[in-house]
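The form predicted on its own is given below as one chain in structure tokens.
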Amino acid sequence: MAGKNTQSSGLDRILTLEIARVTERAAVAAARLRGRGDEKAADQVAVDAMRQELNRLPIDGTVVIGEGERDEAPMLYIGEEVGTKDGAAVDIALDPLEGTTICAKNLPNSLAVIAIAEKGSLLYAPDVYMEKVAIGPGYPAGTVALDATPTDNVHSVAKAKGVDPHEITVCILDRPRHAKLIEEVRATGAAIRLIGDGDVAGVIHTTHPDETGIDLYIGIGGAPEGVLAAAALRCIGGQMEGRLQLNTPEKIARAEKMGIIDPSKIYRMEEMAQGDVLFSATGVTDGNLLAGVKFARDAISTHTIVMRSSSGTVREIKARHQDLTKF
């Protein structure tokens, strides 16, 4: 295509601010429906808003982690192309409304989230579950591992931190499938922070344990959220491993179509999100990480965090939008 930029030397610095508008737009749209009990409607308006804003970006983008695969999602499906096609070829991982149930109930930590990386840099995987373990920065390499038991991971983090396991708090999704995991973690003496949804925020919370009180994330959640969390950790620092839950022939076949040959492979953070990565998240509801959208008579306020792996820069953007026609 004439005018297409095929350079792969890195992402344009302007995108570090432009992607904030993408998550801001989705967050505002979803926030209008928070607390109203309609998960599908909130998710749909967030998808529509994010897609509209993405198509204004000067990128040749492909969604590799999205709302689902093409036959299952009407918009922002895996493989969908977005952007003006006038910029760099990039991979995109996104969740227009991370925590749909949280938003519908107006509970903490619902976010609009996106990651952009150079072409071929983000894990291209089907929309399945992923087993995950993650910690924040400052620990020796290999402190946690999926092949280690939850008990070993808790003790390893405690040892590296120089504290007793009783001073460690583990974040786990509150799901029946985690009953044995919860029992084992509690047996170590560690505390547990159960969350109903929103495991991207759960993983990111490990990067600021002094503020969030969370040291370690363990459990099975969505693969899309896993890739997004890995992208965030690449920017902030930390360790993470993920293993796709390809436990049926149908899931294995879907994964093979995407180039995944080994269904039991453990992916390190650097394999899920390689190269130069940009990450943006805007709060939909108030949470430990970000404040939610605030509506005033003459303005809308948003709280966004934007990060870039190549520079290690973390920007916190508290914006007041007075042109309400933009939303």
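So that there is no doubt, residue numbering starts at 1 and follows the sequence shown. Remember, it's a predicted structure, so these values are computed and weren't measured experimentally.
There is another form of the same protein, the form predicted in complex with a small molecule; it is not shown, and what comes next is about it.
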| query | finding |
| --- | --- |
| Partner-facing stretch of 140 to 148, 230 to 238, 207 to 215, 98 to 106, counted where any non-hydrogen atom is within 4.5 angstroms of the small molecule in the model of the complex | 98 to 106 |
| Contact assignment for the small molecule in the model of the complex, among 166, 257, 177, 186, heavy atom within 4.5 Å | 177 |
| The unique member of 90, 173, 157, 133 whose heavy atoms fall within 4.5 Å of the small molecule in the model of the complex | 173 |
| Contact label in the model of the complex: residue 129 to the small molecule, heavy atom within 4.5 Å | yes |
| Interface membership of residue 242, the small molecule in the model of the complex, 4.5 Å heavy atom rule | no |
| Residue contact check: residue 221 to the small molecule in the model of the complex, 4.5 Å heavy atom | yes |
